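Just one chain is shown here, as structure tokens, and it is the form predicted on its own.
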């Protein structure tokens, strides 16, 4: 290679480095704008609602008087709805992801299913609300209940869990499968003892991110008839008599945090706007905690895995 060729190569390298710096700077600016926008909105909610963040706000029912209004029924309803969502979506989503990735034959039908699952992850949430209104409320007769809300949000996050499960399984090195099969393991043993344990960090991350999305959804909950003002709590899931489990709460009316915020923001009084800001801060904090839990679980589980 002569001097001219060396100079040309060096020029190409310098040009590529300049483009690398340009894209890195552009990405940093984009990230900074997003973070600043979030911090600004979050800080505004904190400033507006800080006076209402006290124990009475958490332990009081909604009221027509802003000073006496609280979020007791809203946060309890959100937790119960999330419980139904997790129970209905997580096992089904993980099982469907494992089947599509490890067991399903590679044919046209499977390809169509995979395409539809991926597309369903981007469908607007109001579509799921309309589907639930026709199926769960009217066809199955579940009514406007916690069970209907949980199943609706379960359908909403089901594609996210399926996709996360499949991507986690694909990330496992191929030598794990080959080594297990080489030792005489069956396909079920490979999946149960190797693939699912090794992919658990990615699966848990997808599950918690899906639940974080579900806890803030408003459109499908409004569509199925969530109450905007509720001054009572559902029946307790735990009973004092055998078998110590009560399912009456599944058919109870409910409200959730986003609905309570919507109700308060629709009122002209400034005090209700403060209540909405305080509830928004709590909802964002819950979402951040769930995402933080996902990061922590992924770190801990990956640290405990050795290939």
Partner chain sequence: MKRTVLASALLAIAASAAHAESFVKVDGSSTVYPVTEAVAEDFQKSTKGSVKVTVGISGTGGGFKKFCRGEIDVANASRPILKKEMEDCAKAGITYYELPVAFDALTVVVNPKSKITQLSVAQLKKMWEPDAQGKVTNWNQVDPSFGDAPLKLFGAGSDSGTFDYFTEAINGKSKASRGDYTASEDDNVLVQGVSRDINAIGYFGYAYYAENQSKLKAVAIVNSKGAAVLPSEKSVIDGSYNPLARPIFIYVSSKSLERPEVRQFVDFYMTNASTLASEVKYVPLPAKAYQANTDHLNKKKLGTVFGGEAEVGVTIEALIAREAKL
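Positions refer to the first chain, counted from 1. The shown structure was predicted, so the numbers you read here are calculated from the model rather than taken from an experiment.
Missing here is the form predicted together with the partner chain; even so, the following discussion is about that form.
Trainee: Exactly one of 99, 181, 232, 140 has a non-hydrogen atom within 4.5 Å of the partner chain in the predicted bound form; which residue is it?
Mentor: Contact residue from the list: 232.
Trainee: Going by heavy atom distances of 4.5 angstroms or less, which of 237, 216, 197, 225 would be at the interface with the partner chain in the predicted bound form?
Mentor: Looking at the other structure, the residue within range turns out to be 225.
Trainee: With the partner left out of view, is residue 60 within 4.5 angstroms of the partner chain in the predicted bound form by any non-hydrogen atom?
Mentor: No, residue 60 stays farther than 4.5 Å from the partner chain in the predicted bound form.
Trainee: According to a 4.5 angstroms non-hydrogen atom cut-off, is residue 269 in contact with the partner chain in the predicted bound form?
Mentor: Yes, residue 269 sits close enough to the partner chain in the predicted bound form that at least one of its heavy atoms falls within 4.5 Å.
Trainee: May I ask you to check whether residue 282 falls inside a 4.5 Å heavy atom distance of the partner chain in the predicted bound form?
Mentor: Residue 282: no, not in contact with the partner chain in the predicted bound form.
Trainee: With heavy atoms only and a cut-off of 4.5 Å, decide whether residue 88 touches the partner chain in the predicted bound form.
Mentor: Looking in the predicted bound form, residue contacts with the partner chain do not include residue 88, since no heavy atom lies within 4.5 Å.
Trainee: Just to confirm the contact call: exactly one of 248-256, 274-282, 28-36, 50-58 touches the partner chain in the predicted bound form at a 4.5 Å heavy atom cutoff, so which is it?
Mentor: Correct option: 248-256.
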